[in-house]
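Let's start with one chain on its own, the form predicted on its own, as structure tokens.
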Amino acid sequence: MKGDVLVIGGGIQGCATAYHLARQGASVILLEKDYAGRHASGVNAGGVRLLGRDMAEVPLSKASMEMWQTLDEELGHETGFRRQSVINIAADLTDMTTLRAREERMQAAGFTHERILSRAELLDRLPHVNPDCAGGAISEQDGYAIPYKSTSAFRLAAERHRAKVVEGEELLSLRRVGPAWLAQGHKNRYEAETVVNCAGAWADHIALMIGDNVPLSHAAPMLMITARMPHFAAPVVGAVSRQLSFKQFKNGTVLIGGGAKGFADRANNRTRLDYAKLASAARTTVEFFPIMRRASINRMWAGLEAYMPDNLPVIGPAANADRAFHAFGFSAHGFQMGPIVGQVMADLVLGGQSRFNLTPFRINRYDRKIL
């Protein structure tokens, strides 16, 4: 099978890349070893968050947030996006000092989307929060989406533009022969002028096939969801210095995250839960929201996710090969950036450049400098 571009990985980054390439006329083949959205992109918390981003990510995240507002209409499929705002709670005055220092840095860089909340404002927005909390920070345009729906929306829109999505096809080898990349899967052989590595927790393996070495690790962030409860929280909630993340859906169920990690078995495509850490996450949630003592946990799960040492993704061209690009290592906060990353990768593939500064995300940023 031949195409202009071979995209490896069917998460939101890969599906968004396939969509943006195909809608501009490129012939795209997307390979996914399981099924689209099987891992991190289908089982994450669905936060569509600009709040609290690393400064290097803010320009990309802002552009992606603009895209989220009308993404359902653009793709022709529902993503489940809801603009609910996101609040990071300051547990104490130390957290408030952290928020004020960040506010100074953000405003100096020209970013004004984050606003500090006083204790009274926090209680007004979240009446059931622990009244001992000192305040917080809010981004009004943030919210959440449904991960599997969003990934599927990009996949279906890409297929509408004639991208070929091949599921259940693990890449076994990849090499460059003359002007083309030759890829061998379990079932078929593929050929393309350009390859894009969006392989998530397995992206370091693909990078090595391309010729790039990268210090990628992987883990299994865990989530749990409750039975239905009376509505008590409209915004998506996080915390400045504690592992807290949750949102209440319209049906009353509450999704609890926070970054606690289970056991990741990448070689066997499996995860296991760490119940002690889940119990700790539940206790933290109750500390911030005493009403959660009434909650009954309905389901718990974990997904395989890729992490970089600095928690910044790899986005950009390969360091040691022509016509190869990477988008991976989003370290549990890449879902919101999916729309813009797909556009950036299409711009790089088709035009050779991006309007964003991608220097902080280059794959060889850890290479030793030879003096």
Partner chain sequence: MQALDCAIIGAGPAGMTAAIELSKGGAKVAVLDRGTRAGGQIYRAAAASPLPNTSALGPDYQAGAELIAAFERTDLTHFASSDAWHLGDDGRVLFSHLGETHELHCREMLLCPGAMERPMPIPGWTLPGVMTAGAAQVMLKSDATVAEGAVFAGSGPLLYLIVAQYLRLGVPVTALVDTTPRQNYLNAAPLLPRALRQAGQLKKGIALLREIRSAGIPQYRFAENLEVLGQNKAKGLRFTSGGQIREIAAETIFLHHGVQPNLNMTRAMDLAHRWNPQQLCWQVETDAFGQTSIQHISAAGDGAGIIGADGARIAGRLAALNILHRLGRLSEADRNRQATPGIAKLAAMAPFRAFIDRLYHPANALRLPQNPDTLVCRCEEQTLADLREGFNQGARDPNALKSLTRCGMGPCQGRQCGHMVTGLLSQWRAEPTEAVGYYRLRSPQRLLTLDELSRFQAVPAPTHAEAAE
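Positions refer to the first chain, counted from 1. Computed from a prediction, not measured in an experiment: that's the story for all the values here.
Absent from the display: the form predicted in complex with the partner chain. The rest refers to it.
Participant: Please pick out the stretch from 53-61, 330-338, 34-42, 312-320 that is in contact with the partner chain in the predicted bound form, where contact means heavy atoms within 4.5 Å.
Facilitator: Comparing against the partner chain in the predicted bound form, the contact stretch is 34-42.
Participant: Within 4.5 Å of the partner chain in the predicted bound form: all of His218, Arg266 and Asn364, by heavy atom?
Facilitator: No, none of His218, Arg266 and Asn364 comes within 4.5 Å of the partner chain in the predicted bound form.
Participant: Just give me the single entry in Leu208, Ala279, Ala234, Leu93 that has a non-hydrogen atom within 4.5 angstroms of the partner chain in the predicted bound form.
Facilitator: Contact check passes for Ala279.
Participant: Heavy atom within 4.5 Å of the partner chain in the predicted bound form: which of Gln107, Asn298, Ser241, Thr97 fits that? Just give me the one.
Facilitator: In short, Asn298.
Participant: Is Leu71 close enough to touch the partner chain in the predicted bound form, meaning at least one heavy atom pair within 4.5 Å?
Facilitator: Leu71 lies outside the contact set for the partner chain.
Participant: I'd like to know whether Arg272 contacts the partner chain in the predicted bound form, with contact meaning heavy atoms within 4.5 angstroms.
Facilitator: The answer is yes: Arg272 has a heavy atom within 4.5 Å of the partner chain.
Participant: Is Ala120 close enough to touch the partner chain in the predicted bound form, meaning at least one heavy atom pair within 4.5 Å?
Facilitator: Judged by the heavy-atom cut-off of 4.5 Å, Ala120 is well away from the partner chain in the predicted bound form.
Participant: Report whether the minimum heavy atom distance between Ala227 and the partner chain in the predicted bound form is within 4.5 Å.
Facilitator: Although the partner chain is absent here, Ala227 would touch it in the predicted bound form, with heavy atoms inside 4.5 Å.
Participant: Which of the residues spanning 252-269 lie within 4.5 Å of the partner chain in the predicted bound form, based on heavy atoms?
Facilitator: Those in contact are Thr253, Ile256.
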